[in-house]
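Here's a solo chain for you in structure tokens, the form predicted alone.
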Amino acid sequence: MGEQDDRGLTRIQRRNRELILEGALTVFSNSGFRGATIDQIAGEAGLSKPNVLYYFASKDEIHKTLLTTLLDMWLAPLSNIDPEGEPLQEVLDYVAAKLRMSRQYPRESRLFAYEILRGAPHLTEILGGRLRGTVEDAVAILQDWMQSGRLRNVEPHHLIFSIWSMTQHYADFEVQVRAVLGKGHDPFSEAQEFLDDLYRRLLSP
């Protein structure tokens, strides 16, 4: 039924998997893991329940696949911090990338937040492994810049945590943000200007 990819799936099979994961993203981000059902995911994907279960053995497997993919995407901008780059601009570019992801991928951000609030049962090993390793690599770069006087000396782990919270807030609490600001505001554009100024003031040596 078409060319196979590395995992031996045909084009139609790849398309069906993508439909299932896209449908599951909508269901999980709206209802959380406990409120989601295979029937809901099948309906959102436009496939039958047996068809969904042909590709994924359980709701847990779908959820874990989504979360793993999301974490890879979420970590990419942090991994892209260039130790040879201009320190302040590298941090500001990371902030901008995280805010851009919150604008473009609000469902993914909410899904990740749901998982963390549940105690991250599907992400415990990943959080302690790949996430921690990626953060520690970035911390080492930040510490080097701070020790050489190219960035103001602040605690680097908490700097990263603050960037996460300040940017992902606009996805996870978008309804609240828009309600408070009212019509005529673009929260993300305004946040970009605010955060750029905030971190320049915080980190300029």
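Quick caveat, the model's predicted, so the values are computed rather than measured. Note that residue numbering begins at 1 and tracks the sequence as displayed.
There is another form of this protein, the form predicted in complex with another copy of the chain, and it is not shown here; the text below is about that form.
- In the predicted bound form, another copy of the chain sits within 4.5 Å of a heavy atom belonging to P187.
- Another copy of the chain is not shown here, and in the predicted bound form it never comes within 4.5 Å of any heavy atom of A57.
- Using a 4.5 angstroms limit between non-hydrogen atoms, H169 touches another copy of the chain in the predicted bound form.
- Looking at R103, you'd find every heavy atom of it more than 4.5 angstroms from another copy of the chain in the predicted bound form.
- This chain lacks the partner; the member of D39, E61, E136, D144 within 4.5 angstroms of another copy of the chain in the predicted bound form by a non-hydrogen atom is E136.
- If you take 146-181 and check each residue for a heavy atom within 4.5 Å of another copy of the chain in the predicted bound form, you get R152, V154, E155, H157, H158, L159, F161, S162, W164, S165, M166, H169, Y170, D172, F173, V175, Q176, V177, A179, V180, L181, in sequence order.
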